[in-house]
Ligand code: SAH
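In the form predicted on its own, a lone chain appears below as structure tokens.
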Amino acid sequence: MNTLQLNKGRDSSLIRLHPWIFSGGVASVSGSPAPGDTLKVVDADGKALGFAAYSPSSQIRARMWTFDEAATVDAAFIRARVQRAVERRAHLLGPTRTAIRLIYAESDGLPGLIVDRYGDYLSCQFLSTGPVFWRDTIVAALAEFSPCKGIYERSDVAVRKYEGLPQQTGLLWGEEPPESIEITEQDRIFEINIRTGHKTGYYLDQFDNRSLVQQYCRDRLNGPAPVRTVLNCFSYTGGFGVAALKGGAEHVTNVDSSGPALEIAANNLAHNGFGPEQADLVQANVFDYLRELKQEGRFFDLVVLDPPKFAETKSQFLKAARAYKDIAMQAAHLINKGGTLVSFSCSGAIDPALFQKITADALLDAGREGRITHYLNQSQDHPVALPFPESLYLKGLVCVLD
């Protein structure tokens, strides 16, 4: 069969079960594999290491399906991986949680595949050549193992260009999803749009952190520094704002650059029983708005910073670090004494230690001191594979400021 042979000394990461093979580690590729074809992977001496999906246009030249040299990567293999991923999360779904990540790429042994459930519909991203090659098998398995009304593709993401793949969206199976789908997470209700929403439609990775903010507001409601006023930056459709109000906060200011997202945020407030007097919806550039608030002398008990990815690649991390520091510094100027900063980064190029240092430097420049009370990560339906630290991308801090 088609075979990829590694350069001498380039097998150490695979021996540790890291699933990526970079182009610089490839000595040769024999046969005539097409994008997504399965390759046998061997070391410099010809020893078998497993099987991988071939991606000739990417710097990640192959992604391992399995390290079992006796395995057969066929439709049954892919179906079994899909079934196992769905079954791992079955206990998380229920009447109070109707949206969840079903498949998280390398962490579920399906590199480059993302599948999210929103009520009766599934939203998928095929981010590399391997799952594209097996797309029909994957869709059929999803329809069987995760009964649903429709499966929709949201592969309209920039990373596909590195795989030599065009962006595409559209119905893959079943019914076209409605423009608005209502989902439940605990006692919070949200309206999402699979076809046009961010990512696959919503930020499922923040489920646990929204719940924490809700509980945090409730716990501090009658404390020495109660959370009554909240500034929710990069609010998108207002998830953290709803959580804070559910926890007992009196008023939330949601800020986002997207008018359509704020319209949905208004609907989400109404769905959860909150009136316009309890939340402001501000369409603005967050960087500029934070400075305006400082000039106005505004202060808040809690500020949430949940920005988009500032660094797509490692080459952009310096620019991203400056951006994270800037918003944290500006936010620190707006927080009451004893108040709280909840700050996130979803940039893989910014690791947790660096993010903590950036935040510490930002508070120092703002003339504030703070203590970390919680380290935050993505929710448990986005598990981190032990040999694959890249699967940990979301990191956050809860800091109480003196």
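Note that residue numbering begins at 1 and tracks the sequence as displayed. Please read all numbers here as calculations on a predicted model, not as lab measurements.
Although it is not shown, the form predicted in complex with this ligand is what the next lines describe.
- Segments offered: 285-293, 155-163, 104-112, 136-144. Contacting this ligand in the model of the complex at heavy atom distances within 4.5 Å is 285-293.
- In the model of the complex, residue 98 stays away from this ligand, with no heavy atom inside 4.5 Å.
- Although the partner is absent here, residue 258 is a contact residue: one of its heavy atoms lies within 4.5 angstroms of this ligand in the model of the complex.
- In the model of the complex, at least one heavy atom of residue 235 sits within 4.5 Å of this ligand.
- Mapping the unseen interface onto this chain, residue 117 falls outside it, with no heavy atom inside 4.5 Å of this ligand in the model of the complex.
- In terms of contact with this ligand in the model of the complex, the residue from 228, 84, 271, 198 that brings a heavy atom within 4.5 Å is 198.
- When this ligand is considered in the model of the complex, only one residue from 94, 308, 297, 276 comes within 4.5 Å through any heavy atom, namely 308.
- Taking this ligand as it sits in the model of the complex, the stretch 199-216 comes within 4.5 angstroms of it through a non-hydrogen atom at 203, 210.
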